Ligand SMILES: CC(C)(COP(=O)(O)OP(=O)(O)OC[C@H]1O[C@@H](n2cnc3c(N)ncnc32)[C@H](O)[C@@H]1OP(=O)(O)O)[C@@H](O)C(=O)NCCC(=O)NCCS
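Before any questions on how it binds or moves, here is one chain, the form predicted alone, in structure tokens.
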């Protein structure tokens, strides 16, 4: 059985160990999500504490997928804080542990976080993802529109430049 939850700050803090495992697994699987190899679950602790603090401040929506009693997926929406962007959010870090892929969790996570972002007054979401990655192929299937590519935007976790592909989706 799979459940999707939008976490408050306390639940986010309680989930940090699982979230660290997911992030580490995805980075070690080649995901370009802002971190470099080598990367262990312990390397992610400070990051997830920052995210929990941002959830507490109302700056981030954090969703998780729980499958058979274990958190195995997550996604975030950063809520734009500039006065001229109260309608926009930034989708970040759609991550599913490699052991739980193929269960439709990405689609369920995306639907939940898009619904929650719309409930919070967002009508436009944007994201960027590594060009040529497995993740790049997912978003169009979920109704996201490809905008273009910025070459040499970031580094793959093992090193070497990667471009980033930009997407947007109108919601709500």
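Residue numbers count along the first chain shown, from 1. As the structure is a prediction and not an experimental result, all values here were calculated from the model.
Here the subject shifts to the form predicted together with this ligand, a form of this protein not shown in this document.
In the predicted complex, at least one heavy atom of residue 139 sits within 4.5 Å of a heavy atom of this ligand.
Within 4.5 Å of some heavy atom of this ligand in the predicted complex lies at least one heavy atom of residue 107. Although the partner is absent here, residue 101 sits close enough that one of its heavy atoms falls within 4.5 Å of this ligand in the predicted complex. By the criterion of a heavy atom within 4.5 Å, residue 50 is excluded from the residues contacting this ligand in the predicted complex. Only one segment in the set 55-63, 143-151, 25-33, 115-123 has residues whose heavy atoms sit within 4.5 Å of this ligand in the predicted complex; it is 25-33.
Contacts of stretch 36-64 with this ligand in the predicted complex, defined by any heavy atom lying within 4.5 Å, are made by none of its residues.
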